[in-house]
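There is one chain below, alone, in structure tokens, taken in the form predicted alone.
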Amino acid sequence: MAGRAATLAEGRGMDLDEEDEELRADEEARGQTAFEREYEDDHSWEELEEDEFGNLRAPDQAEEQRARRRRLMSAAASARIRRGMVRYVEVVLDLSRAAALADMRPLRAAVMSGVLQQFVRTFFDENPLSQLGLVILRNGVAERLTELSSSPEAHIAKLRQNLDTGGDASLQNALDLCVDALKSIPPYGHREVLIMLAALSTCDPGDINASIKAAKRQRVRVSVVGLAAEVYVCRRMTEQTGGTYTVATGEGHLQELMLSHAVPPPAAPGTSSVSLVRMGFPCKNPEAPGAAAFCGEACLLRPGGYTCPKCKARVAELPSLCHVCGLSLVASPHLARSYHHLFPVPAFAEVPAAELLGVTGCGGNQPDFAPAFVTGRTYCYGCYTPLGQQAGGAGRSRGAASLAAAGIVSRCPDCRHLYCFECDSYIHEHLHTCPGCECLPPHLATATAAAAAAAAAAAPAVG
């Protein structure tokens, strides 16, 4: 009996210890926030690897590259969608007290300013015929920072001098200011407002729904990129004006969302009935001090500039509108740089690692000259980088694994050449033409062009 009582007491003591541990765990869980409980068992930092430069990277390089390719392939997939090539965009930056929070290091305002500066440069690189203006929200009012112009450095310099935060944000004041500036834009111009919103509320002097209806009536497309939770009035505003509303989950995601607005969006049906736009190609004036003249609407005395071919007025930069006759003044390189939005490079197809084992060279038509270190190996047509190590007598599975470790390998659907991931990204983001297709022999280039024209004629038009 004594032994049985001791056993029962020991079992009861173990039960009490377990209950105490459960109580302590519950108390610790109540002291944690929601995201801490969600990632309590997540030790993803232990899976990070170090590359040859000492930088941290994700262990699955191919998945990281596939995520980056999704944005590149979207432009090629929407090649037959009508887009607005001449854009007039008002960017609204929220510098209310919510921008002073430190959930993004060092502050939200600093992160938003850095992303916006990168967006301004990318915007003019992608839209050389467009104009952009900056508006800031602070102390319940909307302040005009820069007028609509095509000078990225002027916008960035003005932005760096005005990063003070404080007060509330007012979406209605920002919307009224932007719509009033955009309603005089010519019919061929696409009117857009892009808002970087850090606040979760808006302090408006009147009914914001009336401002939303005015923006819709003036065919102004409003898009919002938020830094906090989703706000209902922003969702309603973007849906009624045909824009988009996204919320960033981090600094990298914020940069990705903002840069996605640099590409011209699809034009809404019936937004413009203009088929031809009158433009002028002005002559550049000499830069000598003796050739100085009054330039622009502000009549600043400066050398250089451009002379309008219609009224002979002088403007300081291109592209711009002549302040005397209202003619759109552009340069021929601006039109050439806008060409790739109408005819983007087709999306390259990913090549499985097992398929590369039987390939030697760069695929497609082989070049006349190739470095000796790629002889007998699979290499990239753009940079001659070997695409993985060939498995000499080590077995097929080992060769496939080594090729897969080299990252994504893609193939142009027209010339059939192979490219590494970096060359694929460079072609679609900056070069906007496939070097393999440009270097095809004349008879192959003619056949490829005829096949592409037949495929384009057979595909239905969208938008």
Partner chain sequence: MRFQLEGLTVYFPYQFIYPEQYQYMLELKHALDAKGHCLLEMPTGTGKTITLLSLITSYQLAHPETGKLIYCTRTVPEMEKVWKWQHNECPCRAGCAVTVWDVQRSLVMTWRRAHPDADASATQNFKLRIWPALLPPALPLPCGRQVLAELKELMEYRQRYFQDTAGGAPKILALGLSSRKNLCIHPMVSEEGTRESVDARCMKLTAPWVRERAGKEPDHDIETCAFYEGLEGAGPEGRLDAGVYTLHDLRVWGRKHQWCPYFLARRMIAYANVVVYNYQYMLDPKVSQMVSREFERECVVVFDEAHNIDNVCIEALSVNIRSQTLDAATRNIGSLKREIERVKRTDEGRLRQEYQRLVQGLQAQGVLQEDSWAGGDGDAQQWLANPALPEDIVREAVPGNIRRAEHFVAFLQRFVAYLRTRLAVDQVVSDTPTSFLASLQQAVAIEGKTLRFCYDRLASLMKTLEITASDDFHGVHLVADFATLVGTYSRGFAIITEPYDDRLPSVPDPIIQLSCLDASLAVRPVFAKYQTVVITSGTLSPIDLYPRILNFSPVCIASLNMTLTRDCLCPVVLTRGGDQLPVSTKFDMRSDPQVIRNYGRMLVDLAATVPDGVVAFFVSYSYMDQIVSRWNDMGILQELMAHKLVFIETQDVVETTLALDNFRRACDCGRGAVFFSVARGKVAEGIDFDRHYGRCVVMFGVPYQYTLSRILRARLEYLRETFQIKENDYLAFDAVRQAAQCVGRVIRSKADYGLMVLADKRYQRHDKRDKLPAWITQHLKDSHLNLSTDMLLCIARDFMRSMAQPYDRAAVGRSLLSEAAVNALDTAAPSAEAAALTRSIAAVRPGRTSRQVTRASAEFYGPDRVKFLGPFSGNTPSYLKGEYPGDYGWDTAGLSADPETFSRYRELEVIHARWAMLGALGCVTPELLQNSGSASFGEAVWFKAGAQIFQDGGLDYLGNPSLVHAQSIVAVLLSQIVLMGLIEGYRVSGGPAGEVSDPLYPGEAFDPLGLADDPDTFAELKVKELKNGRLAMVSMLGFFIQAIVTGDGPIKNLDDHLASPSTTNFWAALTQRLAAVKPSGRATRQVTRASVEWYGPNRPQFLGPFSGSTPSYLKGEYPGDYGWDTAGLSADPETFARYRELEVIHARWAMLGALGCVTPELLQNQGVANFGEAVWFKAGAQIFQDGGLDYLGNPSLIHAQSIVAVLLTQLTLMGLIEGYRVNGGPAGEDLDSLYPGEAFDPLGLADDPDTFSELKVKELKNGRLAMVSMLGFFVQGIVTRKGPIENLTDHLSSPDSTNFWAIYAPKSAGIGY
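Owing to the predicted nature of the structure, the values given are computational and were not obtained by experimental measurement. Residue numbers count along the first chain shown, from 1.
If you look for the form predicted together with its partner chain, you will not find it shown, but the lines that follow are about it.
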Can you work out whether its partner chain is within 4.5 angstroms of a heavy atom in all three of L159, C178 and R221 in the predicted bound form? no
Checking L356, A142, V120, A248 against its partner chain in the predicted bound form, the residue with a non-hydrogen atom inside 4.5 angstroms turns out to be A248
From the list E153, D164, E147, E230, which entry has a heavy atom within 4.5 Å of its partner chain in the predicted bound form? E230
So in the predicted bound form, does K213 come within 4.5 Å of its partner chain, heavy atom to heavy atom? no
Please run the contact check for D204 against its partner chain in the predicted bound form: heavy atoms, 4.5 angstroms, yes or no? yes
Proximity of D168 to its partner chain in the predicted bound form, heavy atoms at 4.5 Å: yes
Taking the shortest heavy atom distance, is R97 within 4.5 Å of its partner chain in the predicted bound form? yes
Please identify, from 204 to 212, 131 to 139, 110 to 118, 292 to 300, the stretch that has a heavy atom within 4.5 Å of its partner chain in the predicted bound form. 204 to 212
Residues in 102 to 119 that come within 4.5 Å of its partner chain in the predicted bound form by at least one heavy atom, in order, are D103, M104, R108
